Each structure stands twice: as C-alpha cells, then as structure tokens.
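Only one chain comes next, encoded as structure tokens, the form predicted alone.
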Amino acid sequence: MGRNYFMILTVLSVTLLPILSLSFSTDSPTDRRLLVLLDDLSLKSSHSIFFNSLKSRGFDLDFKLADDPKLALQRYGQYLYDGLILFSPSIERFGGVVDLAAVLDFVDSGHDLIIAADSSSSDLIKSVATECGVDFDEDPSALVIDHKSYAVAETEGDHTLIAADDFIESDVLLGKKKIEAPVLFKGIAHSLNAANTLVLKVLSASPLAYSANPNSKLSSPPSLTGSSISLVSVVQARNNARIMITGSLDMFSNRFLRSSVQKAGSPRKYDKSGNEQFVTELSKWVFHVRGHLKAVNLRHNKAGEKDEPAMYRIKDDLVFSVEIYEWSGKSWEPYVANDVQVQLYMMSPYVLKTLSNDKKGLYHTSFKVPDVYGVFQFKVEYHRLGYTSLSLSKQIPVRPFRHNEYERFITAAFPYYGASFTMMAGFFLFSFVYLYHK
C-alpha cells in the first residue's frame, strides 16, 4: 500500500511540475511565481510595501533564506519559478543546488532577476552582477557620496544618503506619470561594462558624486566619479529576460518608501520620497507587466488575392501584414508605432519598407518583388528601448518568368527588330541589282 502511494505521488509530481513551471505564457505574461531569497526573514516585514505591491499585481511570492539547504530553482528539468529576487547581499554561498551557474542558467532560460546589493555585498552577489554587465566598486568599504545632491537631514551626516533624480527618459521603463520626488539611495556604486550594449542606466548619480569610504580621508582619486556612477541599471537580454541591479537594498525598504525627502539646495520638501513609485514602476517593467510585445498573424499574398501563395514570380505585386500587440497588465492592446519595418531578404535586404498601421494593431505594406529569383525571407526585426524584441521570419521562393510568360514583343528591342528587317531589305535590293543590272 505504501509503495503504491509513493508511486502515485511520483507520477503526480512529474505531471504537475511542468504545468507549474509554464506559468509564464504569451497569453498572460504576468501570471508568474517569484522566488525571493533573503539574508534575514525580517526583511519580509521591513520591505513589506514593495512585496505587497507585487502580490497586488497577481504575483505569487515564495520567501526563502538564501542558505536554505533545500533551495532549488528547478526540478526534473523544469523551472519552478519565473522570476528571482536576490535581497541577500551578504550571502557567501547559496543553499541547496543553487550557485552562480544556476542563477545565470536561470536568466539564460528567459527568466527575470532583481539584484539588490549594499555595503556588505559578497563576492558571489558581485559576480552575478558582473556576469549581467555591471561592475560594483572593488573597495568593500566604499559608498556613494554626494556633497551637493544629498538628502537634507536634521543632523549633519556624511552625505551618503543621496536624493537622486537623474532618471532615464523612458515611459515604458518608468511609466507615463513623471516621478516628481527624488529617490532616496544609500549604498554602493556600480559602473556599466562598456562591452555590454544591453545594459542601461535608469538612475544615475550627479556629476559631483563619487565612490569612497566615508570614514576616511581620500588618499587617491576615487575610481568611480560623476555620472559614470550608476545607482540603478537594467538589462534586457537577447532572449528578452530582464534584470534590475541596484547597490541599495534600503531603497526598497518601508523606511525609505515612507520617508519625506528634501534635496540639498532645493527649497521644496516632499512629504514622500519617489522610491515607492520608482521601484513599483520599474518592477512592472522587469516582470513584463509593461513593455511586453507579441506579434501574430504574419501574412503575405499577391495583390488582389487572399490566399498565401507557395511561391512568387519576379515583379509580382504583393501585400505583407503582421499584427503586433502590447500587454497592458490585464489584456493585450494594439501596439502603435511608426518604426516597424519589414525586409525581403536574401543574403542582404533587397526590399526594406516601413509598415503602416491602422491604430488597431495591424501593420501592413505593399511592394513589388525584385527582379531577382531565389529563396527569400520576409524578416521583421524590431528592437526598441524598453520593449521586448521581435524577430520574425518566413521563407518564400521567387521564380523567374516561364518561357511563355514573357511579352511577345518587347518595346526595348524595337531597334533590333528594325535592324533585322533593314538588313533583310538591303540584302534583297543588293541581290536584285546584282542579278539584273547590265
């Protein structure tokens, strides 16, 4: 009896795990499970506002200590989670079967990641960030210091509590509503890897900021200064996995989210910092609530026809169309843009056309097949800041004219026709004169 019960449980686990792991779907991109790894379970309460904002958007959060011996990201070859939040900056080694390679494989499989570091960050967390395209300051005691853009406090501090407001200008990343209040930041600096073209600064330090130990005098110029310091960065990988990296775990805390803020040199004091709006809007992007596109119904046909042909003939007139939609958080809405293009491609583009749209998600154009035969591809490669990349292709052969499809008389050949008949007439006259002239 016990053996049969064990076999039933095994079958059920193998059957249900793939279903759980496929919770992310193109029909509902935000129906997802998130694993939150913590240094201390007290972070559940000290950062509860941020976690509750995720839950209110339908995310299922699974909190675990980062050194949990039963920790696993996948089982039976299927991932158990669709996103990972690392709020464990000081962890030296993950528990269970999770390690640096496992986290990177998780991202390489198209899953999303949030990394929050601080002054206690371990080499493990910094290595994960480095693999994602950013480099934290190598000095373990260094913090971001800004003597101009610091947050005003009742007591004069060391100016490590930054009031940052240098945001990236992107509605898709930070939402359409402007963030008015500065964001409170206290943590470590990082810079972008110049070789990685996929990483972006979302929140930058001011030109006068620098990274150094606030408790000691500078003996040499700091390695990170000015606007080269990134406070918050994001990455969208080529597989559309999204990553957020910041050097401040406190930025997500209830204390920072509820705190009032006044930037040094500014007469205006805000009752509430911009942290809650900033982390909420940016997390929407990271977890594909915003900026997620899908393309469907790629079609092509000859002008005046409806059915898709098996091949085209050179110089045929054709019509191309595709539908593109954007996820609004609840449903798919038509995506409207004027920079979507299609290529007719064979080794290189023979035709490149910008698609028109009807404001309802349908993009279309018409053009003539080039006077070159071979195997072509319709290609749509769409890459726009903050949006998931679209890469569509469809192969189609193009044939030349058949022998009975050419025009009977070609206008361009009329001079040759005239030359032939003139030659015949001249030969007839020459023969007549030669034979009958005395």
Partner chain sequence: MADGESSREATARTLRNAFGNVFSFFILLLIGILAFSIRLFSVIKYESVIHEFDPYFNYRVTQFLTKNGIYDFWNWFDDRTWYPLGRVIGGTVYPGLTLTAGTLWWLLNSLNIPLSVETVCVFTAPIFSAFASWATYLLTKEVKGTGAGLTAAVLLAMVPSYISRSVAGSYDNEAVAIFALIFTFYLYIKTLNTGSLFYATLNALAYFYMVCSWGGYTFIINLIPMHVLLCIVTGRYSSRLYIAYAPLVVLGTLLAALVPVVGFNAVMTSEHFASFLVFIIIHVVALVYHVKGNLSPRMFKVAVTLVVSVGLVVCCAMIAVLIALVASSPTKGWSGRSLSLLDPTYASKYIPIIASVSEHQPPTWPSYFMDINVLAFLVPAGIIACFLPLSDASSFAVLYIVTAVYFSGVMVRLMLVFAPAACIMSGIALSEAFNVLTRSIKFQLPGSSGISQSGDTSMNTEGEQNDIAKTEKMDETAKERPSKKNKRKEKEPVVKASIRSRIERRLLVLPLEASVIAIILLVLLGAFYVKVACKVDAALNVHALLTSTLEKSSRVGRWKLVHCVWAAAEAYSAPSIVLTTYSREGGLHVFDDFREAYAWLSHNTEVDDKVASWWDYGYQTTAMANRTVIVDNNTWNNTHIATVGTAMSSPEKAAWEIFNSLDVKYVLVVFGGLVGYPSDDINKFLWMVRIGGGVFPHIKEPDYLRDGQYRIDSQATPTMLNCLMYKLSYYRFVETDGKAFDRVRQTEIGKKYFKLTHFEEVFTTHHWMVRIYKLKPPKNRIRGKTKKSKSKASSTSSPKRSGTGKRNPWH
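All of these numbers come straight from a predicted model, not from anything done at the bench. Residue numbers count along the first chain shown, from 1.
The discussion below concerns the form predicted in complex with the partner chain, not included here.
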Counting non-hydrogen atoms within 4.5 angstroms of the partner chain in the model of the complex, say which of Glu131, Asp316, Glu333, Asp171 makes the cut. Glu131
Report the residue, out of Leu184, Ala212, Val107, Val322, that has at least one non-hydrogen atom within 4.5 angstroms of the partner chain in the model of the complex. Val107
Is Leu385 near the partner chain? Define near as a heavy atom within 4.5 Å, in the model of the complex. no
4.5 Å heavy atom contact, Lys148 and the partner chain in the model of the complex: no
Can you work out whether Ser46 and the partner chain are in contact in the model of the complex, taking contact to mean some heavy atom pair no more than 4.5 Å apart? no
Does any part of Ser53 reach within 4.5 Å of the partner chain in the model of the complex? Heavy atoms only, please. no
Segment assignment from 69-77, 284-292, 261-269, 93-101: heavy atom within 4.5 Å of the partner chain in the model of the complex: 93-101
Mind listing which residues of 169-205 have a heavy atom within 4.5 Å of the partner chain in the model of the complex? Asn196, Thr197, Leu198
